[in-house]
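Next comes just one chain, in structure tokens: the form predicted alone.
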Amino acid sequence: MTRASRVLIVAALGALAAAVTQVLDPGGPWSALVVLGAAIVLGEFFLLRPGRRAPLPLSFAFVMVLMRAASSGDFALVLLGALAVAFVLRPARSMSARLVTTASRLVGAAAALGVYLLILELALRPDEIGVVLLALGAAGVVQIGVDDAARMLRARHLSWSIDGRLADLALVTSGMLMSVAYRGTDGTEGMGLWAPLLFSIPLLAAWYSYKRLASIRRTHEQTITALSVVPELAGLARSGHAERVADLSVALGDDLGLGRHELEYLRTAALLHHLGHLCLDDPEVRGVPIQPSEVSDKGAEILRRTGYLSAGDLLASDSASLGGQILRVASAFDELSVGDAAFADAAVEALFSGPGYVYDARVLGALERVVIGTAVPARF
């Protein structure tokens, strides 16, 4: 089922439910609450996808509006109904993934409501604009925090970064604007459903911008991957060598505490570390064998000329950086193990038995932990 078809289904069901509630309870609040519930469902299908962090559903902003629009009981009822519909229509690969996502959304919304009500309860003037904004902002942050925690639990890996956090800011501030405008503060009349309709436009613009950026990023990654297999197709490297070295390099870098940007440069350098081979004459024409350092230096020159200064510096044969040492160890390991996990122990032992000045002891320790102590990367 495409996203367009899911949107049409939710819109049709929401319009029908709103019409029915209007007939049964003319002038009552339930028509608006049904529309907000439908907006929460739709928000589950539109995700902000900033680089270097997990995607965020636009539904978080509409949950903040629902806090201002409904009592606690009505909030729970509408939220449960919206999450049930989203569960059925959610494009997830497995039932367990859908259950986990739905549970994290429910816990996040419940925690956000609790924080929102607590701040209002402690305030001397709960309807004052500053207090309301503080409560809404805290509720929005709690939703995102619960979502981040749920992802770390699923991945069984504790990691947090400031990268991509502008998306958090866009989502929370949009939700605050919608919520305040919906009901008003300090005795002023609110805009009702016009508020989420109007203030969701900047949020949708942000969604579209991140979508385009993600498309550009995918194209970039596909180009790097395509270039990485050229030496293999030319018979200059073993099939899958670049991908295995890249996976292992990232695993080693992560174990040694490299940052996300450094890991990205390291992966790029690893994927393209044999590309320089294409620029060197055939050994039979040269009359002398091609040295690995020549391949590395030529590849580094290519990357530097195309703007990948950091990746090029990692690839250079004289690189003394930790990333450069990681790449050297990962490549040597794959050569020694011939891409077969059965030879992993022997390859690690061979690297440890070499002269101490050849490979960095920190990287060899990480290699032992990653390859033998835990697991070899998935593609290995």
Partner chain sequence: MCDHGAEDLPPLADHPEDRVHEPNQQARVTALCAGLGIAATATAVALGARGPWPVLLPLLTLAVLHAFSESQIAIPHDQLASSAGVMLCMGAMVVFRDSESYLGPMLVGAAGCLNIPHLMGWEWRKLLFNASMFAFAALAGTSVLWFIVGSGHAPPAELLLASLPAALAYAVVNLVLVALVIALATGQRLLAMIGLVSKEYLIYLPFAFLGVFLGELYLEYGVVLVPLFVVPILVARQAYSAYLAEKEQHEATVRILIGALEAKDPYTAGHAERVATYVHYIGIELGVPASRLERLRLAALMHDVGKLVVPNHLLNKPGKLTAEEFTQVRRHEEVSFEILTRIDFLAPVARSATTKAGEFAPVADERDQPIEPHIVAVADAYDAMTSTRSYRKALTQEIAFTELQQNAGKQFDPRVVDALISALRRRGEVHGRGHEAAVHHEDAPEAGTGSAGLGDLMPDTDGSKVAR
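Residue numbers count along the first chain shown, from 1. Rigid core: the largest C-alpha set superposing within 1.5 Å between the two forms. Predicted, not measured: the structure shown is a model, and the values here were computed from it.
The form predicted together with its partner chain exists for this protein as well; it is not shown, and the discussion that follows is about that form.
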| property | result |
| --- | --- |
| Any non-hydrogen atom of Val115 within 4.5 angstroms of its partner chain in the predicted bound form | no |
| Its partner chain contact at Leu272 in the predicted bound form, heavy atom, 4.5 Å | yes |
| Contact test in the predicted bound form: Phe199 vs its partner chain, heavy atoms, 4.5 Å | yes |
| Heavy atom of Ser94 within 4.5 Å of its partner chain in the predicted bound form | no |
| Options 145-153, 172-180, 106-114, 251-259; stretch whose heavy atom lies within 4.5 Å of its partner chain in the predicted bound form | 172-180 |
| Selected contact from Ile216, Leu122, Val88, Leu158, since only one has a non-hydrogen atom within 4.5 angstroms of its partner chain in the predicted bound form | Ile216 |
| Proximity to its partner chain in the predicted bound form, single hit among Val100, Leu166, Val141, Ala76 (heavy atom within 4.5 Å) | Leu166 |
| Stretch 209-237 - residues with a heavy atom within 4.5 Å of its partner chain in the predicted bound form | Ser209, Tyr210, Arg212, Leu213, Ile216, Arg217, Arg218, Thr219, His220, Gln222, Thr223, Ile224, Ala226, Leu227, Val229, Val230, Leu233, Ala234 |
| Core superposition between the shown form and the other one, C-alpha change of Ser200 at least 2 Å | no |
| Threshold 2 Å Cα movement between the shown form and the other one for Ser239, core superposed | yes |
